[in-house]
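What follows are structure tokens for two forms of the same protein chain, given separately as structure 1 and structure 2.
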Structure 1
């Protein structure tokens, strides 16, 4: 009889293509992962992975049984869910992949509220690129995804999670700090701090700049950073100006470290979405979270913005 625990190790190792990363995900030692894989291989006289030093690849046998192994684990997950919830108590595990800065700020607020109603649900959130979130949903290694761009795919269901504003911020002592408004073309004259071009915020921003006749390639980019927090910090230090998520900037604005400046004709919003696989058999926890977001996402967004701005002088 196949061992479910060993099967889970195999699937995780196949997803990571690295025994060390699989061990981290499973909270096991690397040797325990290797021993579990070897146990299956010895029992069934099959090679699941081809080893090349420290790297591994799925063998042909491993590739052929991986979809079936996932089906078995999914059935076991649904059985466990049914047993856990037989008395009406919602329990179980949720795996969420998040690809947006706004989502990273929103998720703790969302899960804190959700777990007040469903305290026995355990959640693991992973930060990753948007394509990795979509891939994880499609191969059903993720339960839920959070992304910053609308996608159309026959196998994915999407619903609004929150709507964040994209604002212009400048250093606290910048000449624009006390201006009510600037023109879009004025931005071209200022040193600009940019994120990588595949950022969801910047995709939305660049679309709006082009609608105002401004080529984003003409921005005076003095620094490009891969992380929104680093971009915001660079503005605090006086290096330049930037467009950023209002949710991301709320605390620094409240502390007076940066200033928000209106841009004539700009009203840029960035929707953030929750996504799931349409054909997945949903556990009680997954279904409850999806419904919870549908009912409460607007009030949770307002609550989060209030909390981010509620900074005391003592802090």
Structure 2
């Protein structure tokens, strides 16, 4: 009797046209992929791939079989999803790839709420580079992606998740600490801490600064750091000021280690998007998360900021 795991190996190998890559996607050794495919070939006396030394190609037989193998896999997926969700109880696994650093701050909160409603869904979040998220979605290795920049792709469906405000933070004992508001031009005079500029997010920010009358080239940059967290830390230490996502700064703000200062006319937000593969079956769990996010993202953002503020009160 044919075996679904083997079929999955075959289909993945056919998609990758490369056993080693297929092995990676399947979290298997290359040897296992070879063996699985040979196993099908042996039991049915078929040649699925034509081997040309260092490359493999689908044989005619392989090509004709592929759609049927996909059918089996699809109906199996349907069944598995149904099995995981009997009597309305949503269950299953969700693999989420998160590309944006702000994800680190709200995702745990989001998932905590989600888990409260759907306790049987197991979620796994991995932080990864944007491109890996997109690859993972197209690979179908990931169910949901979280990214910070818009993307358009035939196979990807994108949904705005939240808008993260960009704010100016200053050290707790900075002269501006108790100011209501400063003028854009004032920013140029203060020591500024920035991230290394190759960061995609930072390019977007710089564009926005320009649009609000702050030329990033004229910033008094006293320090450049690799990641946003380090930048935040540097501000806490009093080295300078910076623009940062409100969500990221929430904890430091709540602890009073940095202060938020409004910049006249400055109103920038960074979007966060949720992405999924469209042509792929929507499992119950996926659908529920998608729907959940659509319904609750605003209140979740508020709750997150509020909760972080609570940290100070609790002390």
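On a predicted model such as this, the values are computed, not experimentally measured, just so you know. What we label the rigid core is the largest C-alpha set whose atoms superpose within 1.5 Å from one form to the other. Residue numbers count along the first chain shown, from 1.
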property: Identity of the form predicted together with a further copy of the same chain among structures 1 and 2; result: 2
property: Per-residue C-alpha change between structure 1 and structure 2, residue 107, threshold 2 Å, rigid core fit; result: no
property: Residue 246 C-alpha shift between structure 1 and structure 2 of 2 Å or more, rigid core reference; result: no
property: Core fit, then residue 74 C-alpha moves 2 Å or more between structure 1 and structure 2; result: yes
property: Shift in Å of the residue 13 Cα between structure 1 and structure 2 [rigid core superposition]; result: 12.2
